[in-house]
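Have a look below at one chain only, the form predicted on its own, in structure tokens format.
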Amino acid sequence: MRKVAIVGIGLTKVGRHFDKGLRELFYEAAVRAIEDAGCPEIEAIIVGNMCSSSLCDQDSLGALLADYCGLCGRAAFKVEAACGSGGVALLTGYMAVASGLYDYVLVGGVEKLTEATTREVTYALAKAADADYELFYGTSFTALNALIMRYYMRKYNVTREDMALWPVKMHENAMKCPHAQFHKRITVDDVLKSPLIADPIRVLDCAPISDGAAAVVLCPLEEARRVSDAVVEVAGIACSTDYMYLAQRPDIASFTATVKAAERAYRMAKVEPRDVDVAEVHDAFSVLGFIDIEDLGFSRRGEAVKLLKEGVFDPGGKPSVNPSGGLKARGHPVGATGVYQVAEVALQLMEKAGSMQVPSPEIGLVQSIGGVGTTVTVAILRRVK
């Protein structure tokens, strides 16, 4: 197996792009990534996406995007793992390069949500749950996470005000992220007074509906050293799954898939949680941020809120968590989110993150979740000196 590196990065601003469709958004990110990598000959294109069929009436997405990007003739296909599609796309690209099948692979993610109604988007996202036992009975994605949030608060004696600290921190971080959807500070009071969606989750606990695209170029590590001075290695990567039906799980205050994927990724990279300098975690709802921190080994169970209050995870902390603002404030263009996270951590390690830059990071982590912790990919990135 060959070692794999990231040598090119391209991002679009996350937001409501009424003037652009899937192909225009992807093209913008892909061209930037390819140019950033020095315009290598791309041999394969892997696209993370969840809702092209449901909301855009578009299948055969890989071929469509290869054609539009002027890359017709290359291998191209879509990877779907609900909200974790971007993370699984990275895993797929990693396997393609590590195996020796391809040398240069473009891994991208794209999602177009904002032109559908909120009801249509809610239903499309709810398909990430168990269709027979949850979706059939009208359970929304927000409702499932509300059950988790209520359970977590009761189990660890966490107040509603404590929960509101997460979105406040994320909006503060996003103020320095140029491609974030939100550049607006909020307060705990703002969160608590925002409209109730599924008790106890309120509007400002939720990641927004977003459009966007992100892309990275992967190649063998030895090749990367020859073509770029700023090289980031994918040092460890793993994916795990959990029961689809939430009621089957023994403890909904922890995601077994995250724990297992993290253990394997740490072992592969030969690092421990304490070695991680910067992390982008999947915080589609406030409670998930706290659960992620604990599942990834950055905190003991039930202590994530306390450490967040102490500023342990602020930019410059150990680790700095979501300096981009996370899904909550950077935005959540579902199938593209995992690729955004990879790109953001890679930029940090290359020390090219601009106003978001944290001090001299060496090791980064990305966590991409599909469904309610149903499919989780964890990647460990390392700066190559």
Partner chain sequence: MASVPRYWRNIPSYYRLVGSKCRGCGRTWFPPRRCCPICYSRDLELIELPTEGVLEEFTIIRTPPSGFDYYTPYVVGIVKLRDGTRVLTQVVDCDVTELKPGTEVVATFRRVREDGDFGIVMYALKFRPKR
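Positions refer to the first chain, counted from 1. Small disclaimer: the values here were computed from a predicted structure and weren't measured.
One more form of this protein, predicted in complex with the partner chain, exists but is not displayed; see below.
Considering only heavy atoms, tell me if residue 123 and the partner chain come within 4.5 Å of each other in the predicted bound form. Contact check for residue 123: yes, within 4.5 Å of the partner chain in the predicted bound form.
Report yes if any heavy atom of residue 199 sits within 4.5 Å of a heavy atom of the partner chain in the predicted bound form; otherwise report no. It does: once the partner chain is placed as it appears in the predicted bound form, residue 199 has a heavy atom within 4.5 Å of it.
Flag residue 248 as yes or no: does it have a non-hydrogen atom within 4.5 angstroms of any non-hydrogen atom of the partner chain in the predicted bound form? Flag for residue 248 set to yes.
Would you please decide whether residue 132 lies within 4.5 angstroms of the partner chain in the predicted bound form, comparing each non-hydrogen atom pair? Heavy-atom contact with the partner chain at 4.5 Å: present for residue 132.
Counting only non-hydrogen atoms, choose the one of 173-181, 277-285, 294-302, 145-153 that falls within 4.5 Å of the partner chain in the predicted bound form. Heavy atoms within 4.5 Å of the partner chain in the predicted bound form occur in 145-153.
Just one of 140, 194, 228, 254 has a heavy atom within 4.5 Å of the partner chain in the predicted bound form. Which one? Contact residue from the list: 140.
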